[in-house]
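Given next, in structure tokens, is a single chain: the form predicted alone.
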């Protein structure tokens, strides 16, 4: 129950473990083409250009930065945690002049604050983390789309911890790039950098004055490959991870079979169940309120008197694994619970049972069973 890699469906693992075919075999051409088509449906961006590239979520972030920034470009980075700060550093490597609009820990940047920043300077890009995996804070993407159109700024949504778990309607909301990695709510083992790019952003890339500063990331190399596979024709730049893409096709089919509306509602319900449980146990979480709380993970503080080291040791004795804190300035004060992908009600109850047991072992006094009871009320 960490925020990635998540648990994977058996059929996805079966596809991953199948004999590896040639990357130009007819069956694989179909699998790759199907995946590209389904990505546009999952991202809800029918006119977008999908990219499937071997790599991590960090590579997806770098691809967007490398292709859409040139030396001297002004970029506004909205940060709600570790990954916002890291994106600012990444953008600097490509010569961007970055300004960071940083939210107070547990909070988000308001629409008025964002607009005020966009009024101060002409920006080419604004980036934001939909759900920051270090804090569990969720940002509403819609104001970014609205203000991006108003001020002529491209918008990049880091959806590593949100795509296929939190509601995203990319095209309708006017978000230019939505990127993610395979090992989170998409439900595929690590190894794929995924993104869908708007026609507007593709045109900005085509009009750039200088070469892309990364050979591997350059869309000039990858776009012909994506276009060929969309037409079920072979192409080559780098050998694709055949089995991972077959697993992606399997998982995308499962996502669409469940239904996006139903999937978002399931994640929202599970997120609320965890938060209700923590409230019942008088355990605080980093996000300041429900509106800013992610459906895909929770970031609870250790209660007063509970040592993080002792708690994690007690959790290690269960069959449930949670993640330690990540935000550098307070990483020893909290832990993280991922609940995305194929997670179900039984997983919620098992996880909360293990957390309650660990807290009890650490000497924390509370009404035992209160967290489980509160979660069950939400799940019912």
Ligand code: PMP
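Residue numbers count along the first chain shown, from 1. Predicted model, so just to flag it, every value in this text is computed and none were measured.
In what follows, reference is made to the form predicted together with this ligand, a form of this protein that is not presented.
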Inset, instruction - With this ligand left out of view, choose which of 131, 248, 194, 163 has a non-hydrogen atom within 4.5 angstroms of it in the model of the complex. - result: 131
Legend entry - Candidate from 53, 315, 61, 348 lying within 4.5 Å of this ligand in the model of the complex - any heavy atom: 61
Inset, instruction - Would you point out which of 226-234, 123-131, 197-205, 279-287 contains residues with a non-hydrogen atom within 4.5 Å of this ligand in the model of the complex? - result: 123-131
Legend entry - Contact test in the model of the complex: residue 176 vs this ligand, heavy atoms, 4.5 Å: no
Inset, instruction - Evaluate residue 114 for contact with this ligand in the model of the complex, applying a 4.5 angstroms cut-off between non-hydrogen atoms, and reply yes or no. - result: no
Inset, instruction - State yes or no: in the model of the complex, is some non-hydrogen atom of residue 86 no more than 4.5 angstroms from a non-hydrogen atom of this ligand? - result: yes
Legend entry - 4.5 Å heavy atom contact, residue 181 to this ligand in the model of the complex: yes
